[in-house]
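Below you'll find only one chain, the form predicted alone, shown as structure tokens.
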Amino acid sequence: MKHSDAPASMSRRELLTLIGSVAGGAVSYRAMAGMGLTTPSNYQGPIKLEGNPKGATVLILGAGIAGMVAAYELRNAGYKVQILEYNNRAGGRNWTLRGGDSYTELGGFTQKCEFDKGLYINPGPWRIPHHHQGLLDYCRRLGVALEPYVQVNYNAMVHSSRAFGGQPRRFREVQSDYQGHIAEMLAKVTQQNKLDEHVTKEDQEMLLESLKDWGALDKNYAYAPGRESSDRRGFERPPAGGLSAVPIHSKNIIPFDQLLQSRLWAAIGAGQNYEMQTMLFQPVGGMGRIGDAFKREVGDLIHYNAKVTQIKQETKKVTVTYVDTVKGGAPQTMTADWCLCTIPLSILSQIDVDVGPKMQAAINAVPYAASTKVGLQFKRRFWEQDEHIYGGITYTDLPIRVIAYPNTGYHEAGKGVLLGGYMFGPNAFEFTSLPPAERVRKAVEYGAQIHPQYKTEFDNGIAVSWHRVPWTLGCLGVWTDQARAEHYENLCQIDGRVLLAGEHASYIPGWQEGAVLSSIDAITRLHKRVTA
């Protein structure tokens, strides 16, 4: 259908589908809901564990966010707490790679981060929504400085390798043109009285005015070259000063059929999904600053390089066997009254765990998603200097999926680091199968199709594929509705003297808020049992 054609008729379903697709990606929202990614946080403020635990001891497995939240609150409530952590650092997936850091993945590949001082990449979580109040409250209480995270940048790019000769388009152009064409069609349908069954005569006038404003339509309710559309999509020559001050309106509106066929509309709703709506935050200096802050509070409780091999419980105690991954030697044991395990299920399912058949089945029921992130350092911040892109994300149908620009250090001289790829699904499996250097090379190769400067400005890079991370074997727990119905409550129950916490034990998988709320819920129930 050409963009100038008006539909002969429109059903209620078709109207809602059109509006829904523009207003934030109904398809994306349904997909997120199916994964449990759209449930809001129910954080109610700092936890209050009242009552005397009478010297009870708790052994926590894992010094990620869930484990350190539990350690922090339980010690404050009077418990004797110890933590066993596989890594030589705290934070878990709350992780920032900086210059000088090294990381060895499964298969023996070791990468050393060669970023300049002050530059970094977050292989795991990289943004905090404004409604993740649990995590934000801990940032406040622990003194973690935050700054804005730019989810949507209208001057960033959307790109299809199969449209417009492979040339990227500005986000604002695609969004403005798509909304403008939709608004024009709806306006014509309204003027032709095709919506009489659904909208009263009085409301039709208001609808026309709203479409004119929302879609940047002209006085004839057309989306056409002129002041209205240029104010949204940009000018061919913007307003200036002096003799060349007169603006030239944009004439290059993308025809509607080309927009549809390009599928670029799929990218423009990303920032309207519930978890991505502004305001979003990031810690100053990298997401790992949150793990660092918790470590300052509970670091004396953590035993590093401890690989858990068995969890055995008896009537009044739990004994955990572990080996030192650095020193080696004979297996060691640690005993406590209770054990809170935050080990990812992808790892826990391979450990000898003394729990009932229902919890064991739940542990075995949750697969983990593949994901790869690639951090690229360039000799200069060309995205700012050449293309005036300050923060935000470019979307593409290439395997790298996104290019995300740094949200800090604007106009700094010297080198810069951007996220050169963030992959899930088949693309992540493809990149995971490659050696790290090849992942970086392919990210540069793909990115050069959007930013030709890659070819001359690339300096060095690092790539983390989460299925090769030894202590996680995947990015996040992936629940289906059927698995949740059958196993979720069994996973979260206290089994004898063992209970679990982490993002996998939440309805916000893949987010640190899920880990925070899961941990608070688990220790609240544990405390009630201890003090009963």
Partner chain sequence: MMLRLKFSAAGAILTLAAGLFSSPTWAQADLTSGTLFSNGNKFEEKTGKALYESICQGCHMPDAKGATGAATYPALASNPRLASPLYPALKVVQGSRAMPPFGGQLDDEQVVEVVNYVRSHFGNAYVDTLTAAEVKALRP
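All values derive from a computational prediction rather than experimental measurement. Residue numbers count along the first chain shown, from 1.
Missing here is the form predicted together with the partner chain; even so, the following discussion is about that form.
Asker: Looking at 492-500, 49-57, 470-478, 66-74, which lies within 4.5 angstroms of the partner chain in the predicted bound form, counting heavy atoms?
Answerer: Heavy-atom contact with the partner occurs in 470-478.
Asker: May I ask you to check whether Lys442 falls inside a 4.5 Å heavy atom distance of the partner chain in the predicted bound form?
Answerer: Lys442 belongs to the contact set for the partner chain.
Asker: Would His388 show up as a contact with the partner chain in the predicted bound form if we use heavy atoms at 4.5 Å?
Answerer: Looking in the predicted bound form, residue contacts with the partner chain do not include His388, since no heavy atom lies within 4.5 Å.
Asker: Is Gln204 near the partner chain? Define near as a heavy atom within 4.5 Å, in the predicted bound form.
Answerer: No.
Asker: Does Gly514 make contact with the partner chain in the predicted bound form, using a 4.5 Å heavy atom cut-off?
Answerer: Close contact is absent here: in the predicted bound form, Gly514 is far from the partner chain, nothing within 4.5 Å, heavy atoms only.
Asker: Would you say all of Tyr138, Arg169 and Leu418 touch the partner chain in the predicted bound form, counting a heavy atom within 4.5 Å as a touch?
Answerer: No, none of Tyr138, Arg169 and Leu418 comes within 4.5 Å of the partner chain in the predicted bound form.
Asker: Report the residue, out of Ile462, Ala90, Ile393, Cys339, that has at least one non-hydrogen atom within 4.5 angstroms of the partner chain in the predicted bound form.
Answerer: Exactly one listed residue reaches within 4.5 Å, namely Ile393.
Asker: Could you work out which of Ser346, Gln453, Asn153, Thr190 is the residue within 4.5 angstroms of the partner chain in the predicted bound form, going by heavy atoms?
Answerer: Of the candidates Ser346, Gln453, Asn153, Thr190, Ser346 is the one lying within 4.5 Å of the partner chain in the predicted bound form.
Asker: Suppose contact means any heavy atom within 4.5 Å; which members of 275-300 contact the partner chain in the predicted bound form?
Answerer: Contacting residues: Glu275, Met276.
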